[in-house]
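First, one chain by itself: the form predicted alone, in structure tokens.
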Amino acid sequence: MPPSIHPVDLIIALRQKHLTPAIVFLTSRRACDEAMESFEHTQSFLPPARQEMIGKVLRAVIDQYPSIAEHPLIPTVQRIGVAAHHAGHLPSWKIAVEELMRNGCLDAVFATTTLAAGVDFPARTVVITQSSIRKARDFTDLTIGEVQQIAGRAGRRGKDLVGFAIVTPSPYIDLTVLTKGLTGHPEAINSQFVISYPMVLNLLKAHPLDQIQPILAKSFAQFQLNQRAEVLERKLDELHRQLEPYGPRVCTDWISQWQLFDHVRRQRTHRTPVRRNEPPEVAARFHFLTPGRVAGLSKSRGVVLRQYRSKGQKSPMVTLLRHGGAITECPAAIVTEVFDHMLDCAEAPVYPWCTPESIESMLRDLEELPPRLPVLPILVPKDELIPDSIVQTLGDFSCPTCPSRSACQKDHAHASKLRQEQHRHTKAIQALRTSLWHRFQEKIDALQRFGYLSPTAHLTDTGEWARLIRIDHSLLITELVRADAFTGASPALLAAVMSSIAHDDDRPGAFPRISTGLASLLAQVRKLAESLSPYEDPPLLRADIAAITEQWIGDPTLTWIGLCKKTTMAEGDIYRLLARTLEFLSQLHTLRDTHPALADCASQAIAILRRGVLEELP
């Protein structure tokens, strides 16, 4: 595979072939910035008329957004006719680039895949230089939907009869991924509906408890869960048909009867079984870890090849096929999620517990699975329904003299397997049909425990104002308010804490130091967040991030450029941090009737925070 094409050579080739304007999709923000830097020393300039047209459009945008007047990329954009567009830029600069592109002023834009969706930003040509993108701290293959979104940018309505999607050579490109993306069907749309504490409070404010379940049943999330349940119901019907040949015998439930008899017979000469001491959620999950089931681990996925219990301790174990072909024996507790997805697994009686052809097929299927899979909702029983030990004796059974004994002994293995599948599907269907309502009730239990709801699920006085906090980590924020954590805090401290709660990116960098007061307040917030972790995932609470907001509000004379110099964060990231902080502060401002001092402090912080760049956009 030849090396990647240099950005300057790529744009020259596109111009010669009349394939401009083009959007060149790169792997990361840094790649976009480096592509722009490569044009700094080129001698290929635009004609004066084109440069004047770019300058005219930029002046119109600058009149509306003065913050980009001194943007360092303006000279390159005006001389060369290319620009960069990614999340590290200010929204005002991205608006300027989009306006230049719409007016036909640019020959190319270097962008990340965030430009592919949600922006009316067409071009004659799109150039795909990658088959993977950076997500968090790792690279992930493009999904079918992402590839088609990228290709869909090609072709301008009313200007181009044909749009061109070009794949450039690269040592890191996988043509299989792109071919599948261009020819396959997009991944299914999955509901992102989340039952949050504010939603529960506001629903109970507007409707009685007995009307909530029908409301949840009308949601798109429940519609998708019902579709998955219907698939399992069809499988359940098929299992019923397969069990018909094993019809009624002397015992009404001969499968369970023979299983108990066989267990007692085998345990008769053995020692008392070791008591299982496993968490209920592990036991409930273990029931679904059958061969072929796709399971989620802490940082990867795997396919279950078998499930068993280790001798002696009787701890639940699974054999997993991992990415790369590794087959490992692991405790069942290592599984963090059970996905509603099965792969074809041809079981074998010896290691590796399935046929080599099946392993190869499952490895291919595992690599091709979409990043998001529907999770199988599993209800954890509150009480152990089946005792660990069997207390019956052989004399309690009629099996030794039963005329059906030989048939039961012969058919039990297969019939029992079918019965287990029945039970699994029945439990899964029940969980799918009731999971939203179950999660809603869990939130009610927590809100009653903290005093936001009465035992009859009516809002208390505390719940009346807590329902107004409709943002992430709402339980932590309302508990901080109830604990008077912000009493006497300055606007800078209040805003800084809200920034640390709002920020959800652990990207490293250089940041200003925090004050002693902020460090002390964040220690209290962190302690409370840890105590609430069983009810709500704690935020990152990064002190270095909070210091940026503290300095921006604490020093009203600080300019935007001066703030950007204090940190290695991209200015687009700083803008989003402060915009999110504004959103959180505005929620506190709504508490002016019940907490006037806190609302006034939030109002002061908002007034100081909204200056410079943050004044330009709503």
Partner chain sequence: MTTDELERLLAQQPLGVLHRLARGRVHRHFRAGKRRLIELLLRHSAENRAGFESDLLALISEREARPAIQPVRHQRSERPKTSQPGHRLHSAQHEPDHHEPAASLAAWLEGIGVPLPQPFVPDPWQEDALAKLQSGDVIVSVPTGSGKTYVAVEAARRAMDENRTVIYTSPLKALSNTKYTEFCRIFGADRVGILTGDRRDNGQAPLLIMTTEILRNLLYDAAGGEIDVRLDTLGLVILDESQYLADPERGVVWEETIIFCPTQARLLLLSASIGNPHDIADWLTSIRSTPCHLIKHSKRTVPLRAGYLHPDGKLTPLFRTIGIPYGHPVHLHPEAKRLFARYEDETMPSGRRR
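For clarity, a rigid core is taken as the largest C-alpha set superposing within 1.5 Å between two forms. Keep in mind the model is a prediction, meaning the values are calculated, not measured. Numbering follows the first chain given and starts at 1.
The following text describes the form predicted together with its partner chain, which does not appear among the structures shown.
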Checking Lys427, Lys443, His71, Arg79 against its partner chain in the predicted bound form, the residue with a non-hydrogen atom inside 4.5 angstroms turns out to be Lys427
Within 4.5 Å of its partner chain in the predicted bound form, heavy atoms considered, which of Thr113, Gln224, Thr462, Ser474? Gln224
Counting only non-hydrogen atoms, choose the one of 523-531, 256-264, 353-361, 167-175 that falls within 4.5 Å of its partner chain in the predicted bound form. 167-175
Site test, Arg372, Lys417 and Arg482 vs its partner chain in the predicted bound form, non-hydrogen atom cutoff 4.5 Å: no
Its partner chain contact in the predicted bound form: Gln587, any heavy atom under 4.5 Å: yes
With heavy atoms only and a cut-off of 4.5 Å, decide whether Asn190 touches its partner chain in the predicted bound form. yes
Evaluate Ile606 for contact with its partner chain in the predicted bound form, applying a 4.5 angstroms cut-off between non-hydrogen atoms, and reply yes or no. yes
Is there any non-hydrogen atom of Ala599 lying within 4.5 Å of its partner chain in the predicted bound form? no
Give, in sequence order, every residue of 216-248 that has a heavy atom within 4.5 Å of its partner chain in the predicted bound form, or say none if there are no such residues. Lys218, Ser219, Phe220, Ala221, Phe223, Gln224, Gln227, Arg228, Lys235
Threshold 2 Å Cα movement between this form and the one not shown at Tyr535, rigid core reference: no
After fitting the rigid core, is the C-alpha of Asp365 off by 2 Å or more between this form and the one not shown? yes
Spell out whether the Cα of Arg293 moves at least 2 Å between this form and the one not shown when the two forms are superposed on their rigid core. yes
If the CA atoms of Glu530 and Val375 move by 3 Å or more in the predicted bound form, do they move toward each other or away, so closer or farther than here? closer
CA-CA separation of Val375 and Glu536, closer or farther in the predicted bound form than in the form shown [shift of 3 angstroms or more]: closer
